[in-house]
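There is one chain below, alone, in structure tokens, taken in the form predicted alone.
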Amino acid sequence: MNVSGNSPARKLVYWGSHYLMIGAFVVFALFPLYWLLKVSVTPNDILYTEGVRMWPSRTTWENYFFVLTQSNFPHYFLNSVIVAGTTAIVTTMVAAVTGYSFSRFAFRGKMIIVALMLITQMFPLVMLIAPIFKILAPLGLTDSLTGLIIVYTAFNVPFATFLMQSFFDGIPKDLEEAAMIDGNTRFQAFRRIILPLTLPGVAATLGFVFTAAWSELLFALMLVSSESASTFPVGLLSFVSKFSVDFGQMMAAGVLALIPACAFFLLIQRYLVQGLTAGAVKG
């Protein structure tokens, strides 16, 4: 909307409403995280007696101390780091190679493979739990981190492949052809020329897959039965007993679980914004 020819009052109303809507969205998005932090530092004896307050009359770090020293949460946390990190790396590597193949080569059966990858995204996950369990059980991959990594990778590869393909489609083929004329093999051209240009796409794919694996609950709950292989979303359920829920400890664990995800996105944020915008608009 062009407001250059409007009066100062209209400009003020336009930009004021614009920033007001943005501010309202930010508050709406961040308020649950604020409430998570607020409950995590609220002592149990006043959690239900003070009513609804924006901040408790007194705070405590006992919930964090209990979660870190007297619960299995550090073990769940480590399992999630292993599963999410490995899934993100393996999926991105597979998606980069597959996406490059889809972008650069025309081969028999290509559209069939693409259609099959799309079909895998159409089924409800609940419907697939029983078949996946029957496949993994004879192989000894249930109740293990390896089984979770395999399942998460299989379900994230199709979307990650199409995401990476969109970045490769935006890179002119002339660049790698020129590199091959200079004596590089196709793999060398891919590694030296194309891959560095798609780092934003790699970062976007890593971020998407890491977040999906980090917060996944359904498969982690159904395919894992022991605490030794549980991830933190399943571990959060340990704070729910038959007759009560320890919200303070659960919220403290939730706050701690945000740390690696936030740290991961801080590391890749320089490429992430470029990747999301470049993947959305080609050319």
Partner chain sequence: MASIEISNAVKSYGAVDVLHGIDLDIQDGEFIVLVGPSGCGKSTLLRMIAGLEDITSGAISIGGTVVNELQPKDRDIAMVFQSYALYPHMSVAENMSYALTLRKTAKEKIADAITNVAEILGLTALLERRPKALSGGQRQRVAMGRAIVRKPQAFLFDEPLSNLDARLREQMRTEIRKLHRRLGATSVYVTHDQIEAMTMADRIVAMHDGIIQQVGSPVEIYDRPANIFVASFIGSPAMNFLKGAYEIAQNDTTGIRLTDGSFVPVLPARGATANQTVTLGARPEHIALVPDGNGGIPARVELIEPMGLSTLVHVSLAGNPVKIFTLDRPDFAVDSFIHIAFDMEKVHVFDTQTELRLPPESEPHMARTA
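Residue numbers count along the first chain shown, from 1. All figures in this text were calculated on a predicted structure; none of them were measured in a lab.
The protein also exists as the form predicted in complex with the partner chain; that form is not presented, and the subsequent description refers to it.
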query = With the partner chain left out of view, which of I89, L78, A137, I181 would have a heavy atom within 4.5 Å of it in the predicted bound form?
reply = I181
key: 4.5 Å heavy atom contact, P74 to the partner chain in the predicted bound form   = no
query = Does I193 reach the partner chain in the predicted bound form, with heavy atoms at most 4.5 Å apart?
reply = yes
task = Report whether the minimum heavy atom distance between L197 and the partner chain in the predicted bound form is within 4.5 Å.
result = yes
ask   = Given that the partner is absent here, does M111 sit within 4.5 Å of the partner chain in the predicted bound form, heavy atoms only?
value = no
